[in-house]
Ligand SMILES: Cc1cc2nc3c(=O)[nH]c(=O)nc-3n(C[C@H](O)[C@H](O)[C@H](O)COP(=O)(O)O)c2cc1C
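First comes one chain, alone, set out as structure tokens in the form predicted on its own.
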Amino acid sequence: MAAAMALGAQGVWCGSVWLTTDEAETHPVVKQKFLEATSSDTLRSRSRTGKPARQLRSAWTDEWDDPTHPDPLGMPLQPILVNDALIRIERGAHRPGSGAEQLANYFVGQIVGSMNTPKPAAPVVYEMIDEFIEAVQRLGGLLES
């Protein structure tokens, strides 16, 4: 955040960090996958929207990215094609052993590797503030010397 602000940004996009908070409405199976994932467990895939988007690797993305299978359609056709299936996967993933757990995934950035402890959103905000202040103070120290 401090680097973006130093370069002139007015704000930053922080999406993934909220997905494993206690308040998140993330599907429990997907949340657990996020908590166990490393930064190398994501990939860019067109499988959900038809546009490249970083998401958790799963059996779903593996099948769509298999070169022997048809390519995903472009947006808005891909969501029209897959939305009903994604809804059924989400519903089925609540039943252990259904097989839907392997297909369940969601959009997430490479930061997922550092999201390994569920916690309330408030500490996430406080950590961001503390890290921002520390980075700005370090930058200030560099400019003074």
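If you're wondering where the values come from, they're calculated on a predicted model, not measured in any experiment. Residue indices: 1-based, along the sequence shown.
The same protein has a further form, the form predicted together with the named molecule, not shown here; the description that follows concerns it.
- The stretch among 104 to 112, 85 to 93, 60 to 68, 39 to 47 whose residues place heavy atoms within 4.5 Å of the named molecule in the model of the complex is 104 to 112.
- Heavy atoms of Y126 never reach within 4.5 Å of the named molecule in the model of the complex, leaving it off the interface.
- Interface membership of C14, defined by any non-hydrogen atom within 4.5 Å of the named molecule in the model of the complex, is confirmed.
- Residues are counted as partner-facing when one of their heavy atoms sits within 4.5 Å of the named molecule in the model of the complex; in 20 to 40 not one qualifies.
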